[in-house]
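Just the one chain here, the form predicted alone, laid out as structure tokens.
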Amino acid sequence: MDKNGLIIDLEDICFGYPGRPRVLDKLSLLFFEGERMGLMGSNGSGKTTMFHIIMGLLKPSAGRIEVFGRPVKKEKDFRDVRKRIGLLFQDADDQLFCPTVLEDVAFGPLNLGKSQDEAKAIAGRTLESLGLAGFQDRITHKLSGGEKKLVSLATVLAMEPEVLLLDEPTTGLDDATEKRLVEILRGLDISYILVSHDMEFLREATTGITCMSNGTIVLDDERIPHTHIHVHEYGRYVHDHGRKWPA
């Protein structure tokens, strides 16, 4: 870990898919220990691509990446990153591939060198902490969308990461499950970056909201999504906010 608690340091990251304009255009980001960052942006603004670059799933065409105080460039560098940072994919079906819930959640601990018994115990505790006790023998592909999302989160948390990257975690969740997810995230002692289009969810689950636009981080506060209330005497009539009314 960087002595200043800096976990992720991206500088001037560029990336584009073949035959398409750049998705990331000189993107820079600093993410520190203890942060719970909300990240908004329109579809195609580069949020998911940035996550995949941090994890080494995509390689930038330019820029510098440092994670936990060390530069990461080659595949071997990212292996340690993946042990310490958990990525929740936007689509749960990209994360779940085993026949049963228990096998999916135990897969990560097994890959980290845990024994079969240890991995099953970790999986059981993780499922219980998410309100999924009794799901161990459920058939993964028969779960509802919301259930798949929570089981996907369980597969990530079972690896006991130091940091989470959460890509649209509320997709497919009903209101009650979304509320439960907020409680779960608030109860975690983990730094995380949370991508969502749901402003209310971000307000409840994060300590600050950042915006991405055109492949970079927006630093102008006026362009960061926000809500406000205003009252004036012409509120009940159709009016133009750009017009200056006479006194």
Ligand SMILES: Nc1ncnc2c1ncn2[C@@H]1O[C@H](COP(=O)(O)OP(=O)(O)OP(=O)(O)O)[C@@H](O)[C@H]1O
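Counting begins at 1, following the sequence as shown. Computed from a predicted model, the values in this text were never measured in an experiment.
In what follows, reference is made to the form predicted in complex with the ligand, a form of this protein that is not presented.
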query: Listed residue that, although the ligand is not shown, lies within 4.5 Å of it in the predicted bound form (heavy atoms), from 168, 147, 160, 103; finding: 168
query: Contact residue in the predicted bound form, from 48, 214, 191, 210 (heavy atom within 4.5 Å of the ligand); finding: 48
query: Candidate stretches 202-210, 59-67, 40-48, 182-190 - the one whose heavy atoms come within 4.5 Å of the ligand in the predicted bound form; finding: 40-48
query: Partner proximity in the predicted bound form: residue 136 to the ligand, non-hydrogen atom cutoff 4.5 Å; finding: no
query: Residue 10, heavy atom within 4.5 angstroms of the ligand in the predicted bound form; finding: no
query: 4.5 angstroms heavy atom contact with the ligand in the predicted bound form for residue 36; finding: no
query: Partner proximity in the predicted bound form: residue 90 to the ligand, non-hydrogen atom cutoff 4.5 Å; finding: yes
